[in-house]
Structure formats: structure tokens, C-alpha cells
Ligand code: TRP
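A single chain comes next, written as C-alpha cells; it is the form predicted alone.
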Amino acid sequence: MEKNKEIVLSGIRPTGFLHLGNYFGALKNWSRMQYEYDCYFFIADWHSLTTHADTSELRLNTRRLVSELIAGGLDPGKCTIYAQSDIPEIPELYLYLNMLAYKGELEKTVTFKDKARQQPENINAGLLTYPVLQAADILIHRAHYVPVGKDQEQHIEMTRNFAERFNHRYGEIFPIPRAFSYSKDLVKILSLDGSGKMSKSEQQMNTIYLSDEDALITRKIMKAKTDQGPTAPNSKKPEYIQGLFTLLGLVSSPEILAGFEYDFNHCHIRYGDMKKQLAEDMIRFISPIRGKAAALQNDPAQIDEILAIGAEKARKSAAATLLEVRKALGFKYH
């Protein structure tokens, strides 16, 4: 990696299958960033413990996630891909940052309140301090940019606060990271029934996964929610109809999209034809990604080697940061 490149970091939890929202909301941008920045992308396996205590399938899920990330465009030769749990420097920094985090601010985070509502029997300390571990993930590499969606921007703001508190109290160690996006209007990929975003683990028939077989893709799209069509020219599209047009714009040609836009605006849209076209183009888009991911999953030794190389590179960066942190704190006795 070039030494003068700014550092980018992002992670993803191994708690489900990658879907179109993950691809267009994150992976596509990551694939572009790896050529412009010094990028670290990690599997957030420690984070997954806050909501998924059963680790029996963690190794399988992690390998599958790595295979899908690479099939979707990440190049281990151009970026650092690693498992969070391979970097023991992260929990040490997490310990120090916990001393700079306050109970009140942690309890106010939107994600904590949401998760606490979803799992009232398992409001564990890890769930409460999730933003602190996330801050440790970012600050351990002294990252400058963190590509995130809108729902994570509050966590980045907290990371900035922790970094500023540390720098103010112990000396300037950390750059203050910023949320990063290639575009101000991130693509919002709705579930096929229009009831929210696509999900890695919920609403599986309304989500298109990068691992879906052709017949399943067709079935899901043909069952997507539609209506009787507009009754007045140039009507505003309902959100679930706009969701289908968004997908069409991502995987079909501009001419095809323009044709169906024209039909909608002139009140003679045939949703059956549109969905059939979308299914064909979606299969053409997903099929090569699915094939490459499957080939990698059939070679777990190759995935393990990618993770081992990534861990070595990530640990080198993490150790250098932690040495400076310990010196600043006064914990370097010899």
C-alpha cells in the first residue's frame, strides 16, 4: 500500500447472506475505494455476539461472507480483509475508550434502543457499548473515512467524540474520522413488498440475496407487490413501485428503464412484463457473483489464507497505533 494514501475502514457482521442492499449500499463503493485509498474491510464477528450468541455456524458464515465480498468486487491484493477477532489489539483499545464513554450517551443511541426493544431478555453490556467497540475498530487503524449508511452516522459521531476526548486528555494520537459516501443520495434498496429495506436475515422472500438461484430470483420478483397502475398521466409512484423501478435502473439498460417509465407515465404499464424483464436482468447481474462466491466457498483453505494474510497486515497497523496509545497513557514501562 502507498504510505500517503488516506485510510478507509468499514466492517460487516457475519449474521446473514449478502443482498442487493449490501451490494449497492456498500460493496460497490468499497470495490471502488480500494483503488483510491488504503482500505481495511473486516468481518465483525465480535459485534455479532451482541445479538447472535450461538457461534456454531460462525466460521461457516465468516467464510461465506468473505467469498461474497470478493465475488462482489473486493481484491485481497488491493485491500486488507480480516476477521475482527484476529486482532487482539482492538479489545485493548476498546477498554481504554470505555473509560471515555458515558452511560447516558450510550443509552441514547438509536441502535441500542432498537436492539433493546427487539431483545428485552438480552440487553447485555456488549449491546450497550457497541459504539465503543465500533470506535476501537475505526481508531485502531487511525482511519480517516468510514463509509456507512444513514443508520450508522450516529456511531461515527460518537467515534469522533471518543477520539477528541482521548486527544484532548492524552495527546494527539487519532485523526478525527468522517463518514464517507460517494454520493449524497445513497441508493435505497427496498424489500419487494415495500415494507422497509432488504434484510440480511429477515423477510427472506422479499429480499434478493447474492446467493439466490435463478428460479428463486424469478419467483421473488414475480411475487413483488404491485397495484392496478396509475390512473392519471405522470402520477407519483408509490414507494413499493418506485422500489421496482430503482432495481430496474440498477441492473437493466437505460433504454429498458426509459421504456417502462414512459409506459407508467402514460398509464399503460404492464407490471407483469416489467417484472419478467427485471427478473431476467437480475439473473444476468447476480449469476456471475454467485458463481464466483460458490467457487471460493469450495476452497476454504484459500479463504483462510486470505484471512491470515489480512490479519497479519491489520495487526501490524493495529500494533503501531496501540504502541502510541500506551505511550500517551503512560503504560509503557520498559
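Quick note: we count residues from 1 along the sequence shown, nothing fancier. Just so it is clear, the structure is predicted and the values come from calculations on it, not from any experiment.
This protein has a second form, the form predicted together with this ligand, left out of what is shown; the following refers to that one.
Judged against this ligand in the predicted complex with a 4.5 angstroms heavy atom cut-off, the residues Lys188, Thr246 and Val251 are out of contact without exception. For the residues Tyr94, Tyr170, Phe180, Tyr130, the 4.5 Å heavy atom test against this ligand in the predicted complex is passed only by Tyr130. Interface residue among Ala224, Ile87, Ile208, Val146, judged by heavy atoms within 4.5 Å of this ligand in the predicted complex: Val146. This chain is displayed without this ligand, yet in the predicted complex the stretch 42-50 from 42-50, 60-68, 283-291, 298-306 comes within 4.5 Å of it by heavy atoms. In the predicted complex, this ligand sits within 4.5 Å of a heavy atom of Gly11. Using a 4.5 angstroms threshold between heavy atoms, Gln152 counts as touching this ligand in the predicted complex. Although the partner is absent here, Met198 lies well away from this ligand in the predicted complex, with no heavy atom inside 4.5 Å.
A residue is said to contact a partner when one of its heavy atoms sits within 4.5 Å of a partner heavy atom; Ile81 fails this definition for this ligand in the predicted complex, lying far away. Although this ligand is not shown here, in the predicted complex the stretch 115-143 places heavy atoms of Tyr130, Gln134, Asp137, Ile138 within 4.5 Å of it, in sequence order.
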